[in-house]
Ligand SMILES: Cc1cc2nc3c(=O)[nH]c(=O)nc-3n(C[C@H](O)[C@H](O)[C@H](O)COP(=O)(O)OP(=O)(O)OC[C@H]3O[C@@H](n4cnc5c(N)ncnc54)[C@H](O)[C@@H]3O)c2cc1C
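Quick setup: one chain, the form predicted alone, written in C-alpha cells, and binding and motion questions come after.
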Amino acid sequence: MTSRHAEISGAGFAGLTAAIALAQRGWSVRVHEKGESLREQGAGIVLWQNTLSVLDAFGLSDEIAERSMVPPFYETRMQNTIVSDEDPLALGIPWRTMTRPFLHSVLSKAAKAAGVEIATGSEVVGATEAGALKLADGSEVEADLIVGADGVASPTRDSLGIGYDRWHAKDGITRFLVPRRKEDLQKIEPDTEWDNVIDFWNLEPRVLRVLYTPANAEELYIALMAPADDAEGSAVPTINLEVWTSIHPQLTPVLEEAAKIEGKYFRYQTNRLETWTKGRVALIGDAAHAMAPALAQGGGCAMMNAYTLAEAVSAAEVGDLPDALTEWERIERPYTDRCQDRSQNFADTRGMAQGGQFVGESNETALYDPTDPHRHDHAIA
C-alpha cells in the first residue's frame, strides 16, 4: 500500500484506537492532544464484546486482563431489594471492568509501539474538508485523512459547520474512583457479594442511584446519579455525604472516600449529528455521537467506530476516501444510532431500575464484533 498519512485530533479512547488501527495497516499517524501530558480523566469503565474484540485484535487482551476483572454478576436493587441478578458471561456476553486511566495507559503505550506520533500541547481549533487540521498556533497540517476525536465540544466538528440536535435527560451523574473498602462493606452487609456490579436504585423518598462497579482488586468505580434539579443530590465539587448515606447507608465507607474527592456533575445528553463525515474528515466518539451512559456504551461505540473507520479507509484508494467515509457512515452508523436511542430511553424512563436488562435488542451493541469481516453483509445487501 502506498504510504498514507492521518492527523487525529484528540488522544482519548477513540483517537488512540483509530491511531493504532491505522498504524497497523501501514499509515503514518500523528495524534494531537491539547493537554501538556497524555492522561485520561475519569473513573471506571465497563467493556463488552464490541470493545474487547478490538483490544484482542490489537494483541492487548493479556495486558488488559492483568488489572481488570470479570464480576460474577450484574445485580440490580430497587429500594435495596434485589430485582435481578444476571451473569452476562453466562448469557453469551463477554464483559470486563477496569479503570479508565488503566485502559488509556494500555492504548497510549500500544499506539507509541505501533509508531504513532503523539503531539502533546498541540491544540486543534478546526479542520478543512480538503484534509487539514488548523492548530491554535496558526499553522495547518495536511493529511490524507483527518479524524476528529476531540470530544463533545469538538472544534473539528464545529469548524465544519456540521449541525446536530441535542437532548438532555432529567438526571445526571458524578463519577469517582475510590478504594474498594471491601472488608468494611462486608462488615455492614456480610451476605452481599461485593465483587458484583451492583446497581442501587432508590426512587423514594428521593431519586438517588449508585452504580457500584469493582474495577480490580483495589479500586472501585462508583457513579452517583441524581436529578439535575436536586441541588443536594447533584452538589459538587464535594458531594453531600449526609444525603447520600441517608439513602445508601450500606455504602458509607466508599461514599466517605468519594466525599474526599472533587467531582463534576454531568447531565445526561444525546447528540445526533447531521453527518459524521465531510470531505476527508471523519468524526468519532463523543464528537460524533455523545450518548447517555445507560448501556455503558459511550466508550464502546467510540472504539468500535474508530476501528471500523480505519478498516474502511485502508481498503479504499486515496482518491476515493471521501466516498469511502460516506459508505463507512452508512454501514456503521445505524448500530450507534440505535444504541443512542435505547440509552436515551433508559435515561428518560429510569427503566434500568427494573433490572433484567440483558435481553433482546438491548444486547445488540454489546454483542457487535467490529473485527468480524462478515458483520454487516446483510446491511450492504
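Computed from a predicted model, the values in this text were never measured in an experiment. Numbers follow the displayed sequence, beginning with 1.
FYI, the form predicted in complex with the named molecule isn't displayed, but the following is about it.
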May I ask whether 13, 149 and 221 all come within 4.5 angstroms of the named molecule in the predicted complex, judged by heavy atoms?
-> yes
Work out which of 155, 88, 101, 253 lies within 4.5 Å of the named molecule in the predicted complex, going by heavy atoms.
-> 155
From the list 263, 293, 131, 71, which entry has a heavy atom within 4.5 Å of the named molecule in the predicted complex?
-> 293
Of the candidate stretches 284-292, 234-242, 198-206, 74-82, the one with residues having heavy atoms within 4.5 Å of the named molecule in the predicted complex is 284-292
Within a 4.5 Å heavy atom cut-off, is residue 280 in contact with the named molecule in the predicted complex?
-> no
Does any heavy atom of residue 332 come within 4.5 Å of a heavy atom of the named molecule in the predicted complex?
-> no
Verify the contact flag for residue 347: yes if a non-hydrogen atom of it lies within 4.5 Å of a non-hydrogen atom of the named molecule in the predicted complex, no if not.
-> no
Interface membership of residue 123, the named molecule in the predicted complex, 4.5 Å heavy atom rule | yes
